[in-house]
Structures are given as C-alpha cells and as structure tokens.
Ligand SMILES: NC(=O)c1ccc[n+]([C@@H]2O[C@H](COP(=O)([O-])OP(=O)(O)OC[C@H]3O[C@@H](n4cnc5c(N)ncnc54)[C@H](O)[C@@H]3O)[C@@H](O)[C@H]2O)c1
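In the form predicted on its own, a lone chain appears below as structure tokens.
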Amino acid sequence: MIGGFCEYTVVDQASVVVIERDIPLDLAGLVACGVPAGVGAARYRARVKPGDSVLVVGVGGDGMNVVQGARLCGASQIIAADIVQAKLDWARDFGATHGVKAEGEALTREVLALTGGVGVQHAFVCIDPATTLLPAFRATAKAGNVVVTAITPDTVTEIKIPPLELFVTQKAIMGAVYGFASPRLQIPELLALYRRGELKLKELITQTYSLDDINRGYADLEAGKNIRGVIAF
C-alpha cells in the first residue's frame, strides 16, 4: 500500500494531507509516520500529564518521538532505555532526563531504583515487545499504563504477562497505531509545533542516503546507527 521508494504514486484524495510549500519534504516525510506514532502515543494514547513519570524502551524512530511527546506533555521524569549508548546520548537532547543501558530484569531494577521503588506512571514499548514488554510492565507503577508502539512478526501470538500480576497491579496494556490520532489532525499540528521551535525534526535525521545506497541504509538501520535515515531523491 505504500510506494516508499517510488518517484510517483497514485492515491485517493482521502489519503492526502495538504502541507505548506515551504516545509522541506524530508521533514514532511518524518511527520507522516515515526513522529506522530511517538508523539501521539504520549499525548493521545497514554495522555501523559504534567509531572508524570515516563519510561521509553527503545529510543529509535518511534521511541525518540515518545520522548519528545512526553516532554511536550510536561512529564517531569523521562527515562530512556536502550542498548545503544549513542541513542541514549541523543535522547537527552530530545528531552530525556535519565538514560538506562540495560534490558530484561536489569532494566526493571534500574527503573525502580530511579523511581524510589514505585515505577513509572507510563511505560512505552517501542522495540520488540516479545522481549521488552514484561520488563517494562514490571517497571510500571500500580494502575499505570503500558503502551506498545512496536510491531512484531505475525508469528508471535502471545505476550507473557502473568494474569495474577496484571490483576493485582491493575495496570493497563494498550496498543497505539499512528499515535492513536488521525493524520489529518496530527500532521498540521506537528508542523505547527516545529514552526514554533517546540518539536525537533531536523535533528531526527542522522544520515541521508541516495536510492542507489538503500542497502547501506537498511544495514545502518539494523545496526542501530540512526534515529532516522532518509532517502533523498
């Protein structure tokens, strides 16, 4: 359904969102997917409030924008978790207050230590829910929210959350596609935030590739070298 590497494509008018001509197309491309997915997850799905605490597991394209969304919502503590140190360093520039280079049980322990043993009010799973959902769930406070923005292969058919643990902690586990809001709402809104200097877009682009260099772009994506790599025609 998406001709991502096409020079031309034909779409129904319902799929078109008009933007101002002065918006660079590389930045416009970002607000068509990863930025609304992350910012919207914080603003519209979890409904983060001023003073809330947030954990973001996986600070790549979606996760870095969850960090931005949480900052826009006024979160007082934003913990970025990743196994790539460079991404944790970048996350500070986007609004993270803490960085945790850990996974599994170690991730849960470190987040609990940073929150006085209570856990965060909102946790966002932005990479491989099959391995990160349970640690994020256990790092969330009672009655908190766990929001999944990452996709998994359709061969993954279950999540391993102990039902008793879910029951007694009263936590909510929810999915968020495209930031839980219409593109017609979010795209103009995000571009307005960018114009006012409240949303970073240029800084998300860590590397630009030609179409002929697409294989290197995918290799860098797999290696975790970029926040966003952009194909420039």
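On a predicted model such as this, the values are computed, not experimentally measured, just so you know. Numbering starts at 1 and follows the sequence shown.
FYI, the form predicted in complex with the ligand isn't displayed, but the following is about it.
Residue heavy atoms within 4.5 Å of the ligand in the model of the complex occur in exactly one stretch of 137 to 145, 122 to 130, 157 to 165, 70 to 78, and that stretch is 122 to 130. Out of the listed residues Val48, Leu204, Ala37, Leu199, Ala37 is the one that sits within 4.5 Å of the ligand in the model of the complex by at least one heavy atom. The ligand is not drawn, but in the model of the complex it has no heavy atom within 4.5 Å of Val17. When the ligand is considered in the model of the complex, Leu55 lies well away from it, no heavy atom lying within 4.5 Å.
Mapping the unseen interface onto this chain, Glu103 counts among the residues with a heavy atom inside 4.5 Å of the ligand in the model of the complex.
Residue contact check for Leu191: none of its heavy atoms lie within 4.5 Å of the ligand in the model of the complex.
In this stretch, 5 to 22, not one residue has a heavy atom within 4.5 Å of the ligand in the model of the complex; the partner itself is omitted from this view.
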